[in-house]
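Only one chain comes next, encoded as structure tokens, the form predicted alone.
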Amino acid sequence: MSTPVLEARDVSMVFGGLKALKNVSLQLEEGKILGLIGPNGAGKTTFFNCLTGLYTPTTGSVLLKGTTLPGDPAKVTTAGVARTFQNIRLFPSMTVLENVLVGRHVRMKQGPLASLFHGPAYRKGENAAKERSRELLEFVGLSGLEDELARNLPYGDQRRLEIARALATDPAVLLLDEPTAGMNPQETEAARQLIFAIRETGVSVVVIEHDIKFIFGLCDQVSVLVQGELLVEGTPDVVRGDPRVVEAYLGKPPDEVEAEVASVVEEQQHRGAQEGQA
């Protein structure tokens, strides 16, 4: 078997007497989208924080392409893991382009002297960073807005900008924490298509999301956390058919869940037919 691009091995996280995570393991295969779901307080964001070095697990380890990641967010980002946050964390008084450049500077190699004197190497690096940042803004659908202040963007565009900034670090793995929270159906569908496009660039993705319809229509694999423990993992078909998931997370009868999933399949088939006619 090939080495997973991202792997968590028996990760536990204890805060005082509270065990927020209990021996959680996860494997993300290269080129895949993995969904992480569970009720509020299940430990999803805590797990993301462990994956990205914001928290150092009490026990267990996190590996990127077989190498243990350091417990330092900056070093984790440099290694190739980027993330967005449940609550958008942009620099509101900076422009759209400047926000993406913040992420891009992780990959700039100018030394302190070049940066201090703004020599040719510095200018060359800055120009390349701006060019790449503009490419990413176009990729996420924000071209033409580079001089706009981040705080003036509509909510959905702020989400896209945060994704562009994360992609500017050239990650192997992108972690998205509730990327469709607060979005209308049209924005949610646009987010789904963007995540598919991100995968096509070779970036593997992990998504936390409460919208089960969105997750089942997006992900190759789904893992369910309940009270800090991994309850079940597998394909969307396996997860949606597990009665423990229905009881612990979905809170609704299995036939209602099946109806939601069926609607996703029907939408996908209809969309495929339209694309085929086009």
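Residue numbers run from 1 along the displayed sequence. Computed from a prediction, not measured in an experiment: that's the story for all the values here.
The following text describes the form predicted in complex with a small molecule, which does not appear among the structures shown.
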Next on the checklist: Taking the small molecule as it sits in the predicted complex, is E178 in contact with it (heavy atom to heavy atom, 4.5 Å or less)?
Outcome noted: yes
Original post:
Do T46 and the small molecule share at least one heavy atom pair within 4.5 Å in the predicted complex?
Top reply: yes
Review point. Within a 4.5 Å heavy atom cut-off, is P39 in contact with the small molecule in the predicted complex?
Key: yes
- Query: Heavy atom to heavy atom, is Q86 within 4.5 Å of the small molecule in the predicted complex?
  - Reply: yes
- Query: Would the small molecule be touched by all three of F139, A191 and F196 in the predicted complex, meaning a heavy atom each within 4.5 Å?
  - Reply: no
